[in-house]
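To begin, one chain is listed below as structure tokens, in the form predicted alone.
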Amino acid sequence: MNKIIKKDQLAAVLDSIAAKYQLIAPVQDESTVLFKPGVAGKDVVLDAVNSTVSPKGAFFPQWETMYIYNTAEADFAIKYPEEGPDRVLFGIRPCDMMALLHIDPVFIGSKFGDYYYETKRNKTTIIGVSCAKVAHTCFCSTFGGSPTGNKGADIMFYDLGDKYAVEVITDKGKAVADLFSKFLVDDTGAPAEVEAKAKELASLLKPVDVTGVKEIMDGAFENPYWKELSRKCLNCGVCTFICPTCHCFDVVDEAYMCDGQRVRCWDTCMAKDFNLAAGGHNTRPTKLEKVRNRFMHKLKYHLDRYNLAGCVGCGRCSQKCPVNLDITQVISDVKAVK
């Protein structure tokens, strides 16, 4: 962490990476900040607290073709997509890096691993960028995170105003760092600056205590609180689409004549027909069941399955909910449940 890069050289650094790897980084698209592949260094945007949509789509795309097929051919030919290029995901914040670690067990942690997700993970080097500021909805420390945390990064850039302190963490990171080594400058004072910035930002995070919440949730399935809470919800699903840990998806076949493709796309447990089964039975027919399931998943079910929280405290859902359903308020309310 004794090396720095001056901010006015960042575009050149990113272009040196893009010369060898596909660069995925945050850009401004009208009022939205989102991660796109194949961007140029000059187009990368890092002045937002965080991206509007999480970068999980780099590994679990909103829409992707699983394979294409043709039923007219004798062998019912199925063609799988080619593996993409080696990639560098740049500009991901610490909470979103932690979120990837929390959904890794879903896709690659069992004997039925997900080829599509795992391949993208293996072919991607992650360069995290620490937060320069925090929003009033940020509460990553509740789940063990930090605005300057480096867990999940191959290289970490720490924002120090007019420069970035650079920490190379893994062998994958070193291979990428070698591409921009000429931009690295010695700075023995950088570690102390990083530590001071970490303390400053930590003091600004929203204090949320989840002590005992999991144990309360274990016995709160039939509590009347969920009916009261669900009255506000519109079932719009915005919370799930911008969340860095939500991972529900649908699989559909799109066919015309003899040609077809199998497609995977994001889905939401807030949708009316998400739990609709053959014969017309719906296991979660009303808002009550859907809202309860969402918060049970974040605060209980994911912990039950993987010993990891289903939330990382990024605050996106609280920011974008049109009726101001706030998970931190739910946590507070649950602690008062009898």
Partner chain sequence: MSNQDIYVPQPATLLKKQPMTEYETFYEFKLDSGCELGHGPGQFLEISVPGIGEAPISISSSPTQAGIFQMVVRRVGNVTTALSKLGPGDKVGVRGPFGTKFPVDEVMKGKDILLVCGGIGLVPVRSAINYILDNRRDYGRLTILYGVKTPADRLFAEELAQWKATPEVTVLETVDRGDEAWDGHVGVITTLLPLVQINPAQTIAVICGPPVMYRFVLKELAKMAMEDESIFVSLERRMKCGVGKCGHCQMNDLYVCQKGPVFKYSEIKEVMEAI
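Numbering follows the first chain given and starts at 1. Fair warning: this is a prediction, and the values are worked out from it, not measured in the lab.
Beyond the structure shown, there is the form predicted together with the partner chain, which is absent from this document and is the topic of what follows.
**Q** Heavy atom within 4.5 Å of the partner chain in the predicted bound form: which of 204, 234, 251, 192 fits that? Just give me the one.
**A** Partner contact (heavy atom, 4.5 Å) among the options: 251.
**Q** Out of 225, 116, 143, 180, which one falls within 4.5 Å of the partner chain in the predicted bound form, going by heavy atoms?
**A** Going through each option in turn, the one that passes is 116.
**Q** Where, among 154-162, 215-223, 182-190, 235-243, do residues come within 4.5 Å of the partner chain in the predicted bound form by heavy atom distance?
**A** Residues of 215-223 come within 4.5 Å of the partner.
**Q** So, in the predicted bound form, is residue 277 in contact with the partner chain at a 4.5 angstroms heavy atom limit?
**A** Residue-level check for residue 277: yes, a contact with the partner chain.
**Q** Does at least one non-hydrogen atom of residue 62 fall within 4.5 angstroms of the partner chain in the predicted bound form?
**A** Contact check for residue 62: no, nothing within 4.5 Å of the partner chain in the predicted bound form.
**Q** May I ask you to state whether residue 86 is within 4.5 Å of the partner chain in the predicted bound form, using heavy atom distances?
**A** Residue-level check for residue 86: no, no contact with the partner chain.
**Q** Is the gap between residue 292 and the partner chain in the predicted bound form 4.5 Å or less for some heavy atom pair?
**A** Heavy-atom contact with the partner chain at 4.5 Å: present for residue 292.
**Q** Within 4.5 Å of the partner chain in the predicted bound form: all of 67, 273 and 281, by heavy atom?
**A** Every residue of the spot touches the partner chain in the predicted bound form.
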